[in-house]
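Quick heads-up: the C-alpha cells below are two forms of one chain, split into structure 1 and structure 2.
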Structure 1
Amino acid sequence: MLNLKTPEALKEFVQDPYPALSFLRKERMVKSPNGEWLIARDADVDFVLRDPRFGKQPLPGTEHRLPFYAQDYTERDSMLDIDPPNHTRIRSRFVKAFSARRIEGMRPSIESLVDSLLDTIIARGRMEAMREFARPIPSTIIADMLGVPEADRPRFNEVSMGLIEGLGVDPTTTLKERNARSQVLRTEFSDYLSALFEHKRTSPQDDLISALLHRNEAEEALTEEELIINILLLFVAGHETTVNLIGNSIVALARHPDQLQKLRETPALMPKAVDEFLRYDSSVQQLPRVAQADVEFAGHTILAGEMVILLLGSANRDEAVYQDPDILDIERRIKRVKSFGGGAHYCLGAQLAKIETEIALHKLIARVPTFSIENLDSLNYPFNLFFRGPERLDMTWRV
C-alpha cells in the first residue's frame, strides 16, 4: 500500500515516484487511506478517461464520498472542473484560440523569443535554467495570447506559482493554510482581470481577452466570473506544465548523454523526442475523476461520488505498453501518452506545449553544444502530487 502520511515518505515519493508507481501497477488499483481509488495501468486509465460514467463533479447526494481535501469540489467552476453541458459551452469559447493552424503559425514568434533569451545568457556560461529559460518561454507566450501588459507579467507569474504551490502537499503547512493563501491570490487575480476587462472593452486589441469580451457582448454566453476563472486556468495551466516539461526534458537529456548526442546529430528527431520526454517523466502526474454511478471495475465496486486518481506518470511507464519503460529512448514508437489527459477534457494547450518544448530544446542544443547540470545529483522537487518538475537547474557550459 502506498502511504504518504509521513514527511519522509512524501519527500521520497516526490523525488522519484516511479518505484512506487511500478508497485501500484502490479496491484492494478488500490484504495488510498484518503478514500480515493488509485488507477495505475495504461489501459485502465484510458478506459476511465473515455467512460461517461466518470466525470468531474459528484452527483447531488454523493458528495460525502469525496476525500476530505475535495469537499469543496462542487464549488469549482473552471472548465477543468466541470462536466457537459457547461463544460462544452465554456470550452467552445476558447477552442478557436488553440486551433492547430493558429498554434503552428506561432512558431516564428516562439523561435524569436527563445533566441532572445539565449542571446542574453550564453556569454555568461551558466544559468538557473528553470527561472531564466524554462519559465519565460511559456509564460511570455500565454501572456501575449491573452493580452496581459508587459509591466504586469512578473506579478502574474508570481500568482501562478503561488497557486501551483497551493495545490501541493507540503507537510509544513496545513490544507486550511494553503487554501487561504490560494484564495488571497485568486481574489487578487480576479480584481486585476476585472480592471483589465474594463480597459479592453474601451480599447480592444488583437488578443484573446479582447476577442472573448467582444464575443461575450454579442452572445452573452459567459458570466464575468466564468471568464475570470477560465482565463486564470489558461494562464496557470497554460505555462506551468510546459515549464516543467522543458525542465524534465533537460534533466532527462543530461542523464542520457547518448540520447542528447542523437538529437545533436539528427535534429529532425525532436518532435518524437518530445513525446518520449512526456512519457518518460510527465509534468502532470495524475488527474482526478469522480464516479457518476456505481461502477464495477477490476474486481472492485467504485461507488457513485467516489474519486479515482488516474496515475498518468504510471500509465506512461506501463510494461504492458512500452518495452523497457524506465529507459529513455527518443526513437521509441509512442502510443498516445497520457500526459495531456483524454476525452472531453483533453488539454487545450497540448500542441502549444509540445511546440514550445521542441523549439526550446532545439535552440538550446544547437547554441549550447555542451552543457552540464551542476546539481543533477541533488535535484529537489516540490511537495506536489499533481505537477512534477525540478525546483532549479544550475546549468553550465563552456563559453
Structure 2
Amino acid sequence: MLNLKTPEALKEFVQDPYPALSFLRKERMVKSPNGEWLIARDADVDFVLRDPRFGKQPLPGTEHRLPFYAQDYTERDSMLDIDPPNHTRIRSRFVKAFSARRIEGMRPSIESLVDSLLDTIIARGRMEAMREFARPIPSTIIADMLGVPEADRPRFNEVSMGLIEGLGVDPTTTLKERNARSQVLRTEFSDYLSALFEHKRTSPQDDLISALLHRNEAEEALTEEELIINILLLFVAGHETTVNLIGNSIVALARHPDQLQKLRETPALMPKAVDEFLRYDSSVQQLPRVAQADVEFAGHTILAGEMVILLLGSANRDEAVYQDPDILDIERRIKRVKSFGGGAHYCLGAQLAKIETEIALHKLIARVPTFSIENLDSLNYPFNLFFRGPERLDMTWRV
C-alpha cells in the first residue's frame, strides 16, 4: 500500500517517485490523506485537462474541500491561474507574440549563448552543471526574446534571478524575509518594465515586448498590469522547468551510456531524444485542478470544489501507452507526452524549452564527448512534489 505519511516515505518518494507511481496506476485513482484525488493514468489525465468542469480557481463556498495548504487562497491573476474567458483573452495575445517563427528565430542566439558558456568552462575539466550550465540558459534567452537592452542586462538578470530564487526554499532565510525581498524586487521589475514599454512604444523593434504592445484594431489591449504579471510568469514558468529538463536529460544520458553513444553517432536523433527525456523523467510532475461541479469519474464522485492532482510523471510511464515505459529509448515514438500539460493551459513555451534543451545537449556532447558525474550515485532531489530535478551535478571530463 502506498503510504507517504512519514517524512522518510516522502523523502524516498521525492528521490525516486516511479515505483510508487506505478502502484498508483494500478489503483487508477486514490484520495490522498490531504483530500486531493490523485489521477495516475494517461487517458484520465488527458480527460481532466480537456474537460471544462475542471478549472484553476477555487469554487466560492467550497474552500473547506480543498487540501489545507490551498485553503488560504490569495487572488493570483497570471494566465496560468485563471479560467476562460479571461484566460483565453490574455493567452491569445501571447500566443501570437510567441509564434513558431519567432521561436525558431531564437536558434542562433541560443547557440551562441551555449557556446560562450562552454568557452569559459571547458578548459577547467569540471563544472557544477546545474548552476554553471543549465541555469543561465532560460533566463538569458527570455531576456533576449523580450528585447532587454544589453546595457540593462546585469541588473535585469540580478532582479529576475532574485525573483526566481525567492520561490525556492532557502533555509538561511525566513519566509517573511523572502516575501519582503520578493516584494522589493517585484516593484523594481515592474518599474523597469513600465519604462521599457514606454521606450518600445516610441521605437518598436523585432522583439516580444514590441509585438505585445503593437496590436491590430481588432485586438483588445492588455493593461500594463496584465502585461507585467504575465511577463513575470514567463520567467517563473520557463526557468526551473527548463533547467531541470536539461539536468534530468544529463542524468539520463550518464546512466545510459548506450543511448549517449547513439546520440554521439547520430546527432539528428536529438529532437526525438529530448521528447524521450521529457517523458522519462519529467521536470513537472504534478498539476492541480479544482472541480467546478460534481463529476462522476472512474467509479467515484469528485465533489464540486475538490482538488484533483494530475500525476504527469506517472502518465508518461503508463504501460497502456508506452511499451516498457521504464526503459529509456531515444528512438521511441512519442505520441503525446504529458510534461507540458494539455488543453487550454498547454505550455506556451514548449517549443522554446525543447529547442533550448536540444542545443544545450548537442553542444555539450560535441564539446565534451566523454564525461562523468561524480555524484551520480548520490544525487539529491530537493523536496518538491511539483518540480523534479537534481540539486547539483558534479560533472568532470578530460582536458
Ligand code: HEM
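Because the structure is predicted, anything quoted here is derived from the model rather than measured. The term rigid core refers to the maximal set of C-alpha atoms that superpose within 1.5 Å between the two forms. Numbers follow structure 1, counted from its first residue as 1.
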Study note, to complete from the structure: Here the form predicted in complex with ligand HEM is displayed as structure 2
Revision key, fill the gap. Checked list 142, 113, 284, 302 for the hinge of the rigid movement between the two structures; match is 142
Check your understanding: Across the change between the two structures, how many whole degrees of rotation does the smaller rigid part show against the larger?
Key -> 21
Review point. Superposing on the core, what C-alpha displacement does residue 181 show between the two structures, in angstrom?
Key: 8.4
Review point. Supposing the core is put in the same place in both forms, how far has the CA of residue 228 shifted between the two structures, in Å?
Key: 3.6
